[in-house]
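In structure tokens, one chain follows: the form predicted on its own.
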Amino acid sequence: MSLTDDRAALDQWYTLGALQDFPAGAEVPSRLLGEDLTVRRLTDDVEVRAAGRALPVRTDYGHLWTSFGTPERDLFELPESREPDRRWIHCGPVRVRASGLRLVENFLDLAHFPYVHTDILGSEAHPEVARYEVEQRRDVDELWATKCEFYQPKAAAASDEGQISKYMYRVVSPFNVMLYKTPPTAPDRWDVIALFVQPADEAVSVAHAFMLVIDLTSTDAELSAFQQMIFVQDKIVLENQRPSLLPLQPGRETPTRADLSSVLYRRWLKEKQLRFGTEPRTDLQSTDLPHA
């Protein structure tokens, strides 16, 4: 059995990595929610076992998914994966000494662009986060941030000049998030950049970045290297955040107007009563959105 008794964490789908990371015939060790796993791939079939029992398996979007429990919902829909002109880019796993929830929250944060990704995704001369909208879509149990805009000196691997990038963020489960971003070469469409987080332990995570992009000029290696460079910059910050677990207790961290998506995310986690990867707390009330 898993080492956690957190039902909200157990009843979720998690990726263990891209299918290409599991060679046929090999037995690959992995870890999820504090439990050691083994993954064995036999041609088209994949088996995931923990403590002698087989776990459910899905192989969607080029990734291997599993769960310790019984998820209430099927795996999220990603219609862009069916568009034939999109590039599928698997950026490789990155181990981070931080709660997986911290990784998702960092992914949602527009305000850090000028200071962590200086002269790439942001510029210190343009630090302002324009007003954007957040909502919880209860019919699909997802969080969305829309109407996000930010000046970026190099918005993507194919960029050769700065642009005002438009963003949408979509949190499909506590440990899986994606952004939709205007590509430099197709401003009427959206690139999709996903972060599938594998919470190995409460304060150790593996980030699996996945891209569905419209780019006719960059190589797969260039696209992957650009995304890896961005995430390595984030990794430095994430591993130095204190506490490493995500605090949900009011007053532990003070949000600003730019943190609307983070505030909604924490409220959603509390509503789900998720505990894995969070600081122990006694408060059971929801965090309020900051005032304008």
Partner chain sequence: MPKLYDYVLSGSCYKVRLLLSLLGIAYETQAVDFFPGREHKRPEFLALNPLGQLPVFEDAGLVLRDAQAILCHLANTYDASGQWLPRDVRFGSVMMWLSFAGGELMAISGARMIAMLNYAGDLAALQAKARAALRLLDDHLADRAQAGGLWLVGATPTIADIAMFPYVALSHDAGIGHEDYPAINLWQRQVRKLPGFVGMPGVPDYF
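Just so you know, these numbers come straight off a predicted model, no measurement behind them. Residue numbers count along the first chain shown, from 1.
Unshown form predicted together with its partner chain; subsequent notes refer to it.
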* Contact assignment for its partner chain in the predicted bound form, among 91, 148, 143, 192, heavy atom within 4.5 Å -> 91
* Asked: Of the residues 201, 222, 109, 80, which one places a heavy atom within 4.5 Å of its partner chain in the predicted bound form?
  -> 222
* Which among 178-186, 210-218, 135-143, 91-99 is in contact with its partner chain in the predicted bound form, heavy atoms within 4.5 angstroms? -> 91-99
* Would residue 240 sit within 4.5 Å of its partner chain in the predicted bound form, counting heavy atoms only? -> yes
* To do: Decide whether residue 266 counts as a contact residue for its partner chain in the predicted bound form under a heavy atom distance cut-off of 4.5 Å.
  => no
* May I ask you to check whether residue 206 falls inside a 4.5 Å heavy atom distance of its partner chain in the predicted bound form? => yes
* Considering only heavy atoms, tell me if residue 41 and its partner chain come within 4.5 Å of each other in the predicted bound form. => no
* Asked: Within 213-248, which residues have a heavy atom closer than or equal to 4.5 Å from its partner chain in the predicted bound form?
  -> 221, 222, 224, 225, 228, 229, 232, 233, 235, 236, 240
